[in-house]
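A single chain comes next, written as structure tokens; it is the form predicted on its own.
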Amino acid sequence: MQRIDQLLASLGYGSRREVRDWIEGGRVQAGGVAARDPSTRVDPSQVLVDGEPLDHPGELLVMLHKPAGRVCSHDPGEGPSVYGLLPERWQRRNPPVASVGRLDKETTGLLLLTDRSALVHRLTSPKHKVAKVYRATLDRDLPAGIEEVFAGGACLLEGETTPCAPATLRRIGPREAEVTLTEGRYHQVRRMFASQGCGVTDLHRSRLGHLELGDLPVGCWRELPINTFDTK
């Protein structure tokens, strides 16, 4: 049970002052009757706003096909954000919706967004070894032996002293490769290829854990069951 004004504010319906006005104005019902006292404690499943059930009173988990040109940041100074592709109300939720790891501005593909902080930690912690699959296009042909360098745990990134964990590289073409890794260092795939003299001109993530991006259109998202990763 939660105070009704706190509940509505946390779900992004408005500020505490705004939702109190809604409540006092009779726009909110709890258990079939108008809830005119903002301090009333309610079961979220019994609350209606303007006759409609609450918008996702539980936790959120969505899969987004991130387009190029969007950042994984809430800072408007960094440019257009992936969060701008979500419903406006979701952008005001508290706890806020966050990305599970980050894709840099020009990287495309599968991105998970959730307000479930424990899930963010679980999927980004190196100890859980969640596989991430990327397709990279390079500015030159793949060098001989790069598969062994990636797989052998000998790939050292510029400015770091600890080599990357073993990763799998599968050649798709002379300048294309699929890379599977379990870490999430800053710009890791780009820096791994840079360590071997290759620049990445295009980078796309197709899988995270057991989830495949599939045919989800660019810039679109779909909801996932909040327990998607609970038994995996």
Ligand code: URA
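Here the structure is a predicted model, which means the values were calculated and not measured. The first residue of the sequence shown is number 1, and the count goes up from there.
In what follows, reference is made to the form predicted in complex with uracil (URA), a form of this protein that is not presented.
Trainee: Quick check for you: of 123-131, 76-84, 140-148, 102-110, which stretch puts a non-hydrogen atom within 4.5 Å of uracil (URA) in the model of the complex?
Mentor: This holds for exactly one stretch, 102-110.
Trainee: So in the model of the complex, is uracil (URA) close enough to R36 to count as touching (4.5 Å, heavy atoms)?
Mentor: R36: no, not in contact with uracil (URA) in the model of the complex.
Trainee: Hey, in the model of the complex, is R190 touching uracil (URA), heavy atoms inside 4.5 Å?
Mentor: Yes.
Trainee: Indicate whether V28 is a 4.5 Å heavy atom neighbour of uracil (URA) in the model of the complex.
Mentor: Taking the distances in the model of the complex, the answer for V28 is no, it never comes within 4.5 Å of uracil (URA).
Trainee: So, C164 and uracil (URA): in the model of the complex, are they within 4.5 Å at any heavy atom pair?
Mentor: Flag for C164 set to no.
Trainee: Among A177, V47, L203, M63, which has any heavy atom within 4.5 Å of uracil (URA) in the model of the complex?
Mentor: The residue from A177, V47, L203, M63 that makes the contact is L203.
Trainee: Mind listing which residues of 1-29 have a heavy atom within 4.5 Å of uracil (URA) in the model of the complex?
Mentor: Heavy-atom contacts to uracil (URA) in the model of the complex: nothing from 1-29.
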